[in-house]
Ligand code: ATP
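Only one chain comes next, encoded as C-alpha cells, the form predicted on its own.
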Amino acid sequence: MPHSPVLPGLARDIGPAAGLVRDDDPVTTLQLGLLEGDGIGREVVPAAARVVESALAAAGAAPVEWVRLPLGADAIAEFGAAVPEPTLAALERLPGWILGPHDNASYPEAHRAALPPGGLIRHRFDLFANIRPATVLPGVRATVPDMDLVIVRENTEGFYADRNMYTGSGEFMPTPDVAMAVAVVTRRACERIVRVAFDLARRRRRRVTVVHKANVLSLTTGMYLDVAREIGRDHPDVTLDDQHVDAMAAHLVRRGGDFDVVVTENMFGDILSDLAGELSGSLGTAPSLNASQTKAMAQAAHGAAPDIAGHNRANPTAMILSAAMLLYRLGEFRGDPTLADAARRITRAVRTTTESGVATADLGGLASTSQFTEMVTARVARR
C-alpha cells in the first residue's frame, strides 16, 4: 500500500456541528455538496458518490446527505451563469464537496471569457492547497512503475489569470499586437503551501523537493526556494532538495520513483502533476484535492472528455480517489476516525479492483464506468 496523501498542516478544529445536520433522529448526517458539471462529470461524480455512501456505511460513519448543486452548461441554461449565486451560497455552508469537470470551451461565447467554474470556486473559498498524488495502481501499466509521490501545488497565485488578481485578469494587451501577463507571488502564499508540504512529508518518506526556476525568475519562483530553505531549518527531520522545473520534468520520466513530496508554484504544479499522472498510469487515475483551512473540494485532475460522455466508458478512478481524499480531510476536520477508515476502504477497494484485472478502456481494460464502480463498491465492505 502506498503512502497516504493526507493533508496535515491544514486541519483546524471548526467544531462538531460544521457541515452536519441534526434533527429529532439521533443519527448525525454529513452534508456534502455534489456538483456533476459537464461531460463525463455526469457519470463519474455519481459513481464516486455511490462508493462514498458504501464506504461510510461499512466504516460505521455518519451517512452522507448530498446537496446537489447546479454548475456548468446546465446552470448557464437555467440561471445564466456557470456557477450561479445559489450554488456559491450553498457551498459557503458546507465543509466539502465533489466537483465534476467543466467544459467551458463549449459554453456560449459570452461565458467563455469568464472565470472557469473551478477557478472561480477556488478563488472564492481560498482553496490554496492543491494536493495531487501520483501513485501506480496494481495491475496498471505505468511508464514509471515505482512512482509514489505527491505534488503540493500552490493554488491561488502565479501566472494564471483566473487566480492572481483581486478583480479582473492578470493578462492585458497594451496594443492589439502585444499581450502581457502579470504573475503574483507573495511570501504568505509561499509559506503556507511549503508548510503543508513539510507536514505531509513527515507522514511519508520525509523528503521535500521544491521546484522553481530561480536562475531566471529569481524574485518570483526564487521566493519559493528561499522560503523552503527557511522553513526547512525548522524541520531537521525532513530532507530538502530543489530542482529547476525543466530538469524536474526530465527527472520525473527518468527516476520518478525517487521523489516523495514535491512543492511548487501554481503553473509549474499544474504541468508537472499532469505529467506525473500520465507517467504513473493515466490521468484517469489521477486524483486531486483543493483545500483551505476550513473547506475541501474533491476534483479529479482530468477534464470533461465530451467525446466519450454518455457512453459509459469514462474511468471513474480519479474521481473516486479524490472523494477518498475528501473523506480523509473531513476526518481531520472533525477528529473522526470513521471517515479516515472509509477513505482507506475506498483506496484499498480501487487497488484490489485494478489488481484483479478489472479496468476501463483507457487502461486497456473492458469494464464500463458502471461495471468498474460496481466492483469497487462491492469491495469497500470487505475487511
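Here the structure is a predicted model, which is why all the values come from computation and not from measurement. Quick note: we count residues from 1 along the sequence shown, nothing fancier.
There is another form of this protein, the form predicted together with this ligand, and it is not shown here; the text below is about that form.
Colleague: Quick one: does residue 314 come within 4.5 Å of this ligand in the predicted complex, counting heavy atoms only?
Modeller: Residue 314 belongs to the contact set for this ligand.
Colleague: Tell me, yes or no, whether residue 303 is in contact with this ligand in the predicted complex, where a contact means a heavy atom of each within 4.5 Å.
Modeller: Yes, contact at 4.5 Å.
Colleague: Would residue 153 count as a contact of this ligand in the predicted complex, using a 4.5 angstroms cut-off between non-hydrogen atoms?
Modeller: Result no; residue 153 lies far from this ligand in the predicted complex.
Colleague: Taking this ligand as it sits in the predicted complex, is residue 283 in contact with it (heavy atom to heavy atom, 4.5 Å or less)?
Modeller: Heavy-atom contact with this ligand at 4.5 Å: present for residue 283.
Colleague: Counting only heavy atoms and a 4.5 Å cut-off, does this ligand in the predicted complex sit next to every one of 40, 102 and 362?
Modeller: Every residue of the spot touches this ligand in the predicted complex.
Colleague: 230-238, 283-291, 256-264, 182-190: which one contacts this ligand in the predicted complex at 4.5 Å, heavy atom to heavy atom?
Modeller: Among the listed stretches, the partner-contacting one is 283-291.
Colleague: Which of these residues, 274, 171, 126, 74, gets a heavy atom within 4.5 Å of this ligand in the predicted complex?
Modeller: When this ligand is considered in the predicted complex, the option within 4.5 Å is 274.
Colleague: Which of 85, 307, 146, 246 has a heavy atom within 4.5 Å of this ligand in the predicted complex?
Modeller: Partner contact (heavy atom, 4.5 Å) among the options: 307.
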